[in-house]
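Just one chain follows, in the form predicted alone, and it is written as structure tokens.
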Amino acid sequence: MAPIRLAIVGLGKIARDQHLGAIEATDGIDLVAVASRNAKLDNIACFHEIGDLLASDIAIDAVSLCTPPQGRFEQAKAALDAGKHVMLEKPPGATLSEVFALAEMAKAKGLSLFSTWHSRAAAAVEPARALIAKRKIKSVSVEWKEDVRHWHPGQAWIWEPGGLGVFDPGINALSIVTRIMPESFHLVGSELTFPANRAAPIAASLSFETASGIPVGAEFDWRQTGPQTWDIRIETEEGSVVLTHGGSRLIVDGVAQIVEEDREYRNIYRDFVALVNNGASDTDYSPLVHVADAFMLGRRIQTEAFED
């Protein structure tokens, strides 16, 4: 098949750090255009807005949306209305209703929609899923703590309604847990810590349980400096299964099994190529459902103001 002609919308930090290199390393897809208000790429057709891109004579087959979730619905809808396949950076949108609406639009138009969860594409995730399916789980605990100043410098949108705050990284952990757990789980308690001057939380403490009563706990915090923590620990009757470094490393009963470099975005672009070529979509929104539940049940705690 001819390579998919791709346009990126939003040429910010995540697009430069992850998407550009992944596209270049992936067979079957070529970057042919960019729409960005504040950035351009040499030797690539560049536009200020997605509307300008879609109205141009540049031939594209698909759009990868790397913009903040607020306002992304309009961009995705415009791309689908123009007959383009769409890939959504996580989180897929600012609300549940809009992402479910996008899935319906894509299905009605026969287009591929890919709501990506890059952490699910980490090396240890599928091996961990296969392993714990054979064990009896006793508990699951998540510790996802990082430095917002390092990962999101000067990004004001992330503190606004719809930006999700600490759930922007926390949803990565939830995307892994929803993938590897052999049964579903639901929220039973949520405490959200908001800086006095921000509209989104800087920390969260969540309690879940499965229908069979297995406890699942998660601690998210954006105030950690020094080494960052992205760990998921599954205690089973047969021993411990631990995913570290965001899911790229697997430790089973204290012994390292998988240690791999970051290939998450190369994997999701590989999957996007397969979805488009097969006329399929992937729209699992379960991680975002858990985040919405956390806000619905969340007990609000105020802490000191946060300044970049």
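Fair warning: this is a prediction, and the values are worked out from it, not measured in the lab. Note that residue numbering follows the sequence shown and begins at 1.
This protein has a second form, the form predicted together with another copy of the chain, left out of what is shown; the following refers to that one.
The shortest heavy atom separation between A103 and another copy of the chain in the predicted complex exceeds 4.5 Å.
In the predicted complex, another copy of the chain sits beyond 4.5 Å of every heavy atom of A82. Among heavy atoms of E209, some come within 4.5 Å of another copy of the chain in the predicted complex. Among heavy atoms of L187, some come within 4.5 Å of another copy of the chain in the predicted complex. With another copy of the chain omitted here, the record of contacts in the predicted complex names 68-76 of 230-238, 126-134, 215-223, 68-76, defined by a heavy atom within 4.5 Å. Only one of the listed residues (I176, V140, L113, L164) places a non-hydrogen atom within 4.5 angstroms of another copy of the chain in the predicted complex, and that residue is L164.
In the predicted complex, L288, V289, H290, V291, A292, D293, F295, M296, L297, G298, R299, R300 are the residues of 270-301 with at least one heavy atom within 4.5 Å of another copy of the chain, listed from first to last.
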